[in-house]
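Consider the single chain below, provided in structure tokens and representing the form predicted on its own.
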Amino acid sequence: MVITKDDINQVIKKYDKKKITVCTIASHSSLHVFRGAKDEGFRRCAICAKGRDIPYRRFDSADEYLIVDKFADVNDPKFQQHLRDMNAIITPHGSFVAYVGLEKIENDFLVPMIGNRNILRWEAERERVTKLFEAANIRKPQKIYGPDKIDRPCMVKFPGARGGRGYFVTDSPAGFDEKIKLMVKKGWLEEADRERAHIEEYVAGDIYCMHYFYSPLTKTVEMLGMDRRHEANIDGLVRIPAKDQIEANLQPTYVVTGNFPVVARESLLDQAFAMGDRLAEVAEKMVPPGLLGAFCIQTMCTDNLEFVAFEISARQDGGTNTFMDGSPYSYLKYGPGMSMGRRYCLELKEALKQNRLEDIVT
């Protein structure tokens, strides 16, 4: 049974609006959600996997810690009832989507979430991402339809929130087969992933991951930060001379190990805002109620000073960890201290004040 907006509204009607608890899985980008909830005066609940709660306790992240054997245990009906009893509002992020599972989020997880649970599938399925980009007139890399059609340097990716694990670059069908076998041997891919590979031209440029927040209360898209990623082992490989790279005979990988903040040249901001505005506009029409709250467009900026978008996150992205105390962009609008997590909680606070909680959750 698909969970509808009416189902969530019925849950919200039973909530004590004066005792809301901000809750999420303790992973991915949860730390600044918990800190933001504290700053905005909300009670906090961290759902921790057994043995992985120490960082959150050391940072005094929550008022209550719920320990589960595995994150997927949140799907248990009794656990969900406990969350509803504490008037929980979930803030989704990549780990929440990966561990709880899209089908469970869509059909079984009857706890209110800030944002649009129906758009989470769109970020995971690249054909749907393409539809969004095309409708928003956002340039994307050219798709290659099958490994036998590879005739130029290409990036090969796979569905889901993998953090770059298993991604690779190749320029030939033979190279595709060789690297698939290597990734399967490493345990990073399964043989079935071969048929799910998404192949696109490799665009040379600088990475800019742009973090936006769309407020349904004000109908405004805000730019809150930008980041780039540390990726292993490609970042290590490029630090050694080309001759040594060849002799080392190491296959480059693109596993995200961390993030760092960046600032784009000011003349590029018109283009950045225009992409965010257009994407939010078409998403509201194609996947109502659209991109509620945080979203991210992951881009390459070419030497022609053009952004080429290759992925989106339709919820809080891991790169938001780079501005737990605010970014240069959030500072311009809010002053110091505005993380993405705090921005979520500020929206929640304002929605409660306006008696519009139903407008920001699904």
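One-based numbering along the sequence shown. Bear in mind that the values here come from a model prediction, so they are computed numbers and not experimental data.
This protein has a second form, the form predicted in complex with ligand AMP, left out of what is shown; the following refers to that one.
- Checking Asp193, Glu200, Glu284, Glu222 for any heavy atom within 4.5 Å of ligand AMP in the model of the complex turns up a single hit: Glu200.
- Among Ala174, Ile207, Leu268, Ala72, the residue placing a heavy atom within 4.5 Å of ligand AMP in the model of the complex is Ile207.
- Under a 4.5 angstroms non-hydrogen atom cutoff, ligand AMP in the model of the complex has Glu311 among its neighbouring residues.
- A residue is said to contact a partner when one of its heavy atoms sits within 4.5 Å of a partner heavy atom; Arg139 fails this definition for ligand AMP in the model of the complex, lying far away.
- For Gln298, a non-hydrogen atom is located within 4.5 Å of ligand AMP in the model of the complex, even though that partner is not displayed.
- Among residues of the shown chain, Arg128 is not one whose heavy atoms approach ligand AMP to within 4.5 Å in the model of the complex.
- Residue heavy atoms within 4.5 Å of ligand AMP in the model of the complex occur in exactly one stretch of 259 to 267, 101 to 109, 88 to 96, 149 to 157, and that stretch is 149 to 157.
- Contacts between 212 to 239 and ligand AMP, taken as any heavy atom within 4.5 Å in the model of the complex, involve only Glu231.
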